[in-house]
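Just one chain is shown here, as structure tokens, and it is the form predicted on its own.
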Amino acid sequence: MDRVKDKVIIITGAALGIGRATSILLAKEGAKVAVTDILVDEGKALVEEIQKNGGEAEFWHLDVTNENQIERVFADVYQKWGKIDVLVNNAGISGVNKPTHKIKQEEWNLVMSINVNGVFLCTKHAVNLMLNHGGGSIVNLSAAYGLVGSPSLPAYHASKGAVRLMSKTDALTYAHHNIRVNSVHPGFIMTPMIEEHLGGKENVEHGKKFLDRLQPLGHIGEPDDIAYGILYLASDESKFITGAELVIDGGYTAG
């Protein structure tokens, strides 16, 4: 308990999946959690759940493609709790599953606007506030497919590769300010995004069995598996880690 006690943590895309699990875990470990998402009902319900269980959290509507909104929300969080210790850049979409030559420019740009520009803009405004308090930790959600290729989802995989190198660049840029930046690389995790990729809830069981067979450990992961990795990088336990890639993929990329 109390691994991130009294740390103020902003989580983007927090309402569902990995973001939801991370919000619950960090609040349980003593953080003040800013739950941000475009999903208002789900986000508010999550905050109520955290508060009922004795945690501290508030919800802010946030579209990570809107810089003015990011600046305003981060300023509100800062004003409420007096600092920002950790940013978890979790918001992301998978985008269309088409080969590159069939992707429309607007389809490509949509993925980049959320998965890449969103990370850039949130990092930009978090750093400006972290500089006031002697440092912080930024955790960027990349993916196993930010490390290896796959003949599917070209825009998604390109975006996650970008996040990987953005993390390393910012780690070097801000190390002397005691701002650590690391990337987390989930493999197949049972989230709403994976359910959608499998073709909806009616196909989940069949699709899950197929994905289970691809994993050296014999099964796909759960959101909590990623949340515990994020908790480590958010905490002072990882004070000597920056520019690193935390791969949580059941061994998928080891081969």
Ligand SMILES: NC(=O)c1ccc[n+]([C@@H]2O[C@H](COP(=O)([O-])OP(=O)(O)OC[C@H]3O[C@@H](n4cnc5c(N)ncnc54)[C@H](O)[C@@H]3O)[C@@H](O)[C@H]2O)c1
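Start at 1 with the first residue shown and count on from there. Note that the structure is predicted; figures quoted are calculated from it, not measured.
Below: the form predicted in complex with the ligand, not depicted.
At the 4.5 Å heavy atom threshold, is residue 192 in contact with the ligand in the predicted complex?
Yes, residue 192 lies within 4.5 Å of the ligand in the predicted complex.
Check whether residue 92 has any heavy atom within 4.5 Å of a heavy atom of the ligand in the predicted complex, and answer yes or no.
Result yes; residue 92 sits at the interface with the ligand in the predicted complex.
Can you check whether residue 114 is within 4.5 Å of the ligand in the predicted complex, heavy atom basis?
The answer is yes: residue 114 has a heavy atom within 4.5 Å of the ligand.
Residue 183 versus the ligand, in the predicted complex: is there a non-hydrogen atom within 4.5 Å?
Although the ligand is absent here, residue 183 would stay clear of it in the predicted complex, with no heavy atoms inside 4.5 Å.
Pick from 169-177, 97-105, 139-147, 125-133: which stretch has a heavy atom within 4.5 Å of the ligand in the predicted complex?
Careful reading of the contacts points to 139-147.
What are the residues of 53-68, in order along the chain, with a heavy atom within 4.5 Å of the ligand in the predicted complex?
Counting only heavy atoms within 4.5 Å of the ligand in the predicted complex, the contacting residues of 53-68 are 62, 63, 64, 65.
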